[in-house]
Each structure stands twice: as structure tokens, then as C-alpha cells.
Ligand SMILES: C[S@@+](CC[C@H](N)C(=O)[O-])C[C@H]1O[C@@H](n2cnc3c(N)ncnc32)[C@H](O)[C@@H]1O
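As C-alpha cells, one chain now follows by itself in the form predicted on its own.
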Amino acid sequence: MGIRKATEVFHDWALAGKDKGMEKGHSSAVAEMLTFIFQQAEKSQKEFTAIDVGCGNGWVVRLLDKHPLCTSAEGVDGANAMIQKAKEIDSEGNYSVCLLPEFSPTKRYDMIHSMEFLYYLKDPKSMLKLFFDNWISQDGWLVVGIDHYKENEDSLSWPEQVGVHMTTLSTPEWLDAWQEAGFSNITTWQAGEKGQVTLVITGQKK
């Protein structure tokens, strides 16, 4: 099986209805990630803007949008069919097809959420630097969930199984990349059910 673009694979998965399974599988870890985001917002009691990078069918965007301090939430994804689904579910929502790292936002966000996106890039470290420089507001947070990393041995066969490129880094390598990008107050934990395999990393732009 040849290597395909991740956006093509996820486009096909959306057409096959697999987006609901992804939503269900990630819901526990994402709940912890959103709890972290909402706690930071509630500490400051300031309204915030949010974006979900790799938003799939938009389910996290809709959860973000429900928070009383959230003034706007949007989602971007490189898979056309995922964005189509998001718009069908939520016709009033803000969802866009965007290829990364090429896309550059026209505004900055207080909270950036991303689940299962970064390691599909050839150079995720550069994307972290772009997030820091071009995407995040001062004092804003980046909250990322990663299931494919060296310590999660079950994930190491995924690139061959799925037929897509995945950049495989260890937890220390990911943390070094966040520091190199400029983030402060970096925290990490393992989230989710069934052995808690999702590596969550959060960092603030100070």
C-alpha cells in the first residue's frame, strides 16, 4: 500500500461515517483537554476565542462554543468531507478547509485545541513555532492531544497500517519542541480511558 496524504484518508473516513467513531474514541481525552481550557478561562474570568485545528466534523468546536466565556469558536481541517459534515451538522458554525502548515490565520486565538493532528506533519516542530508566532494571542494557550508517540508502542505500527506519514517522537522530544517554540508553563499528562494513551501537552504564550 502506497503512502497517501492524511487529508485524503480522513476525507474517505468521513464519507464512510468513521468520523463518529473518532469522536467517540477521543471523547474521554478531549473532555480532559477542554476541562483544562475552561479552567484557564475561568481563572482569568476573561472572554476568549477558540479554534480547533483538525476539527473533523466539528464536535469539539460545538463544545467550545457552549462555554459562556467563549465569544467565538471555529474549526479548520484539511479533509473536505469532514468540513462538509461539520457544516451539515451546524450550519451556523464557522468551519473551513485549510491545509497546514501553509494556511495562516488572519487573527489570533486565546485557546487553540488540537487532537490527533500534529504528528501527521513532516515537521511538527515548525508547526508549533507557527502556532506560537502567528496563531496564539498573548497569554493564550495551546492544548494538544497526541496518540502516536514512541512510548505508546501500540501506535508504532499505525503509519504502515493506515498508509500515511506519521512523525514519531518521544514525550521528551515533544516537550523539547514546545520549549524551542517558545512556550511557557508547559504541562503534560496521559488522558483518556483504556490505559490512558493520549499524551496531552499544554503550553502558554507569555
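As the structure is a prediction and not an experimental result, all values here were calculated from the model. Just count from 1 along the sequence shown to find any residue number.
Omitted here: the form predicted together with the ligand. The next part is about that form.
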Contact of A86 with the ligand in the predicted complex (heavy atom, 4.5 Å): no
Are any of the heavy atoms in W59 no more than 4.5 Å from a heavy atom of the ligand in the predicted complex? yes
Is V144 close enough to the ligand in the predicted complex to count, meaning some heavy atom within 4.5 Å? no
Classify E116 as contacting or not contacting the ligand in the predicted complex by the rule of any non-hydrogen atom within 4.5 angstroms, answering yes or no. yes
Heavy atoms, 4.5 Å, the ligand in the predicted complex: which of 86-94, 130-138, 71-79, 104-112 makes the cut? Say which one. 71-79
Can you name the residues of 33-56 that have a heavy atom within 4.5 Å of the ligand in the predicted complex? G54, C55, G56
